[in-house]
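Next up: just one chain, as structure tokens, the form predicted on its own.
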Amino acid sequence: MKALLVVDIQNDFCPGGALAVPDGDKIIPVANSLSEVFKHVVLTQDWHPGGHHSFATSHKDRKPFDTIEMPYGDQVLWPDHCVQGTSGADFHPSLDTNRAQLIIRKGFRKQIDSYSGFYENDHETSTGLTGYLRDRGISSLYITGLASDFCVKWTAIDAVKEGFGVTVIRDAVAGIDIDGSVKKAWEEMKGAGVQVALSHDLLTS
């Protein structure tokens, strides 16, 4: 059985948001079309408390996109984004969320960031998504969302590690692209065993 996993299509990751992915909103019509052909749809949502440790404003003399060392590894420092209860954390109003059966909120622990829909960035603290999918007999995941070089990449690679067949839908993702990070992300995903498809292949099959 297969499921569509829609990663972080939120206001702050779309044009005009605090951490906007260039043209991030352009994937929304594709994601909406895909959600209509999947029986199982799951959404992830970045959900940070104010003062999250991944925010540049939480570190003196640091600026957005600097990298620092955290107990769990390297951490890119971000502009404040997707703060709980703010409009920036809301799903983009054009995203059709009606068919979603589950919303996984991540990044709500103040001391640790969370890119993946499966684990916090310590690679140990689970979101519970694996158990949910297995309980429903889902073995294949198709992924759309933002951003391809961070949350999509980490989610896809973790899904492979958890034993799922994983396909990222190339025209249904978009990236931030920090120093070539999008190209590197595609290489890492393919190296991990992630498959790539176009939405047309799914919508016409």
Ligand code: VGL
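Throughout, we count residues from 1 along the sequence that is shown. Note that the structure is predicted; figures quoted are calculated from it, not measured.
Not on display, but discussed next: the form predicted in complex with the ligand.
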Whether Val42, Leu133 and Phe164 jointly form a contact site for the ligand in the model of the complex is the question; each needs a heavy atom within 4.5 Å. no
Exactly one listed stretch (31-39, 146-154, 165-173, 56-64) reaches within 4.5 angstroms of the ligand in the model of the complex by non-hydrogen atoms, and it is 146-154
Although the ligand is absent from this view, report whether His92 comes within 4.5 Å of it in the model of the complex, heavy atoms only. no
Examine Tyr119 and determine whether its closest non-hydrogen atom to the ligand in the model of the complex is within 4.5 angstroms. no
Is Met189 one of the residues lying within 4.5 Å of the ligand in the model of the complex, judged by heavy atom distances? no
Can you work out whether Ala20 and the ligand are in contact in the model of the complex, taking contact to mean some heavy atom pair no more than 4.5 Å apart? no
Using a 4.5 Å heavy atom cutoff, which residues in 7-23 contact the ligand in the model of the complex? It's fine if the answer is none. Asp8, Phe13, Leu19
